[in-house]
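Take a look at this single chain, the form predicted alone, given in C-alpha cells.
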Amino acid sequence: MTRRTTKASRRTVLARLGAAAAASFLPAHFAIGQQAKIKLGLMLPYTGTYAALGKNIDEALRLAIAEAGGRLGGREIEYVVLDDESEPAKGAENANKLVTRDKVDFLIGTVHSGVAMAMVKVATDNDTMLVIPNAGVGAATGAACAPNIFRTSFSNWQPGFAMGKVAAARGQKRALAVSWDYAAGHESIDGFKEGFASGGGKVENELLLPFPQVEFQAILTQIAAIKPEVVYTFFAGGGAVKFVKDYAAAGLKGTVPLVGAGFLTDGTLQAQGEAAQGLETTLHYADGLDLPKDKSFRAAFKKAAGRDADVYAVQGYDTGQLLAAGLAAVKGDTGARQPLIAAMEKVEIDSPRGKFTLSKAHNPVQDFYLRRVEGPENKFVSVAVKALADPARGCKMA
C-alpha cells in the first residue's frame, strides 16, 4: 500500500490552525445546537378510547411551537410519533424505543395513567426529560417524582378534591363513587373523598369495573337501589360518553345528581347530546373564562385544527409553552440539564386556563373551576378552589 503525502502551503497551514483555535473557544453544544434538531418523542394514544384526546394534545403542542417560530431555543424540531394504544403492558417497550432507538431529547406523554407510569420508569432509568401532558397518576409527581419529570396537566387528586369540596358545601352527606378499576379512577375517588369529608360528607360505596369496559347496567341498578344523595364519577373519552347516556336512559338523571371530574364532559359533549345537559363537573379549564389568552388560543386552534379546543388541547399547548420557555433560557442546549430544569421549574405559564406555576414536585398549582353543561359548552360557574396544589405525598423534592 502506498501512502501519499501532500505538502500544504504556509498560508493553508496557518488558516487551519486559526480555525482550530477559534473552534476550541466555542462550547461543543453551540455547534451541535446549530446543526441538530431537537427530537420530541410524542407517545400518545392515536387509536382507541383516547384517540381524540391524543390528537388534540399533539396538534396543540405543535401550535404552541409554531407560535414560537417553529423552533425551540433556536433549534429546529423533529417529531417522533408513537401510538401507545393506551396499553400499559406495552408502555415500557414503547418508551424505550423512543429513548434508545430514536434517541429523543424529550419524552412527551401520555393520557393513560398506567402507560404514564411505565414512561416515568423509563425516563428515570435513562435520565431522560419527560413532560406529561395529561395523565394525572399521583406517583408521577408523588413517590416517583424526579427533577427530570414535569407535568402540565393535573393530578388525579385535584379535580376530585375540588368536586368533593363543592358537594360538601351544598350540604350533601351521602355519596357513591363510580369509575374504572385503575389508578386514575382510584386516585380521583380518593381526592373526592378527601374534599367531601372535609365538609362532613362520606362516600359510602365505590362501584368499579375493569378498564376499558363500558357495560354499566349492573352499576346503574345498584345506584337506583342505594339512592345516594350524589354520585361522583371519573370517566373519559368513549367511556364517559356511554356512562352519561346510560345514566340518563336509566332514569337516574332526574333523581340522583351526577357530578364528576371534568373529563366526564370535556371533549364528549357532542356525542353525549341531551343526556349531558345540566351536568356539573370540576376542572382546571372551562368555557367562558373571559381571558384574553384563552380567546386567542381558541381562535388559533380552531384555525389550525378545524375544531374547537378542549382541556386536552390546552394541556398540549402548555406543554409546548413549557418547552419553549425552558429551552429559550438555555439557548437550545439540551445538554445544559441543570439550567434547563431550573428554568422550567421557575416558569409562570400564561395558559388559556389562567396563569399557573409549578409546585416543587413539578405539578401545576392552578385554579379549579365548577362548570355546568349548557348547550355545547362546559360553562364556567365559579372558582371551586383557588390555586390548588397537589399534596405530592411521597415526593422527596416537595
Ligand code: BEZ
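None of these values were measured; they are calculated from a predicted model. Residue numbers here begin at 1 and follow the sequence given.
The protein also exists as the form predicted in complex with ligand BEZ; that form is not presented, and the subsequent description refers to it.
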item: Heavy atom within 4.5 Å of ligand BEZ in the predicted bound form - residue from 109, 316, 160, 136; value: 136
item: Heavy atom within 4.5 Å of ligand BEZ in the predicted bound form - residue from 150, 285, 196, 154; value: 154
item: Option from 239-247, 164-172, 196-204, 178-186 whose residues, in the predicted bound form, bring a heavy atom within 4.5 Å of ligand BEZ; value: 178-186
item: Residue 50 within 4.5 Å of ligand BEZ in the predicted bound form, heavy atoms; value: yes
item: 4.5 angstroms heavy atom contact with ligand BEZ in the predicted bound form for residue 234; value: yes
item: Partner contact for residue 268 in the predicted bound form: ligand BEZ, 4.5 angstroms, heavy atom; value: no
item: 4.5 Å heavy atom contact, residue 113 and ligand BEZ in the predicted bound form; value: yes
item: Within 237-264, the residues that have a heavy atom no more than 4.5 Å from ligand BEZ in the predicted bound form; value: 263
